[in-house]
Every structure is written in C-alpha cells, then in structure tokens.
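Consider the single chain below, provided in structure tokens and representing the form predicted alone.
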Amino acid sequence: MINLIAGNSSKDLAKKISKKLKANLVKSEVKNFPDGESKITLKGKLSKSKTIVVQSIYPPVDSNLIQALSLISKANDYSTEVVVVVPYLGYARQDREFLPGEIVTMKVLGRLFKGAGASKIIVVDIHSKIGLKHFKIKSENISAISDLVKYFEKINLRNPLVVSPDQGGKERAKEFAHEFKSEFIALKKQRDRKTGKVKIKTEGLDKVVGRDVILVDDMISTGGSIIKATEFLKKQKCKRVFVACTHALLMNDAEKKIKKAGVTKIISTNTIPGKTSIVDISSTIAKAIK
C-alpha cells in the first residue's frame, strides 16, 4: 500500500485523495515555537513503499514551504519514490528575472525540492509553466478547468460568455469556453510593473450586453484585475458576473472588494481551503498520481 502524508495546509484535500487511491493516510501535526519555528510530527507509520506528500504553499508561504520540504525529507528516509503534490505553488510568479537584480526564486525552489528528496512534483494550474523548467526532477502541471466547468454546467446562466481579464489568460478562457460550449473574449489590460496599477484598454463590446459573464483566472490574490474587469463589464451592460478560479488567495479583504465591484459569486477549487473553495479536484489529482 502506498503512503500519503497530509501536510498541515492541505488536510482535507489530502484525505480525499487518499480515499481515492486507497492509500495509507499519515497525518502531520505542526506546533510553533514562540520564535516562529515549526515543529512537525507525523501521526502514523510509513511503510517502505511509494510515498505521496500533499502540501499547498499558500500564506504563510515560507512556513508552508519549510513544512513541505521537511515532509519530503522524512518521506525520503523511508521511500525510494516520493511524489510531491503541491496544489498551489507559492513563488511561481518569480520564474524569471523581470527587472535587473531580481532573484528567480523558482530556481531556488527547484534545488530545494530535489535536495529534500522529491522524485516528482505535481502542481495544479501553475501561474507560468516556465517555472517548472527550474525543477530538475519529473514535473507535471494539471488543469482544474474541467472540474470548474462541471460546476458551472449545473448553474442556470443567461446566454453565458466566458471572459479572460487579460490577454495572458486567453488560452485558459478559450479552453474553458470550449469545454463549456460557449463563446469567449479576452480583455486587454496594461499593468504598471512598478506601481502595479491596472487599466483596461479594450473598447466597448456589443457581445457583453445582457449576458451572464464568467470571469476565468488561474489565481486571485488581491483581486485588482477581477475588480477592474468587473467594473468594465458592468459598464458594457452585462448581467451577472461570476468568477471561476483555481486558487483563491483573496488577500486584504479581496472577497469583500470583489463582491462590492458587482460579482455575484466567486467559485474556486480546494487547492486553497476557504469559503469560496467549493470545487473538489481530488479526483483529477488522484488520476495524475496513478
């Protein structure tokens, strides 16, 4: 029987995956010292077979990263094959040197995961696939689009239109629309790299009028892009606006601000646990592991 170690950040998702794989579920307990150090203890026994470690790296990113590496290292003491599932991979935005002097943190992560003893890494909808090139182990990026589409197929929408908030997410929106059997558009936006301010440059769109809109994105952090897109689409006289995303970080009251902008509902997957994480991707992850 294979082992599955449930990291502290992905307890529920790990439990669901272990049931689908009929794996030996080993829970982990984390206690924090007053100075912030994590003390991690495994609550169960590992057999000398293949081991899967499930741990998302969302805020607090550094703590969850150290915990992931520690679990990999422990698994490596027992198993010759350690498959690491990181549903949400923090630092994925730092996959290249955008401005002089910036450190490519994904390169650092690649070395750390290999050094800890990982044989393979599986991630879900990574921010940029370029990032996985920094991992000198087997790597796989899987998509949550099919799971999200299944959810939206159950909602009664009025002539739905799939929208990407920017050109960078055009292919994602196209794929979503193809599975959802609907039209799609991608908005054009400009972001100032230094201030982070976003402006939408797309002209008025007749396609939007009177239609329910699904804004599709890989992740929502502060919600700035989603808010700008929603305000823009509302001016084009769309009906309801729904948000479909894989990873809902929702920092700094983002959910409240997004709803205030006019979004009816935010739907995300359980790569990051939270109120909006209503789409389960355990089956998709289990298939990738098999």
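All residue numbers refer to positions in the sequence shown, first residue = 1. None of the values given here were measured: they were computed from a predicted structure.
One more form of this protein exists, namely the form predicted together with ribose-5-phosphate; it is left out here, but the text below deals with it.
None of 259 to 267, 60 to 68, 224 to 232, 34 to 42 except one has non-hydrogen atoms within 4.5 angstroms of ribose-5-phosphate in the model of the complex; the exception is 224 to 232. Interface residue among H134, K120, K174, H127 relative to ribose-5-phosphate in the model of the complex, by the heavy atom within 4.5 Å criterion: H127. Contact annotation: of the candidates D95, D218, D212, E179, the single residue with a non-hydrogen atom within 4.5 angstroms of ribose-5-phosphate in the model of the complex is D218. Though the partner is left out of this view, K189 does reach within 4.5 Å of ribose-5-phosphate in the model of the complex, counting heavy atoms only. ribose-5-phosphate is not drawn, but in the model of the complex it has no heavy atom within 4.5 Å of D147.
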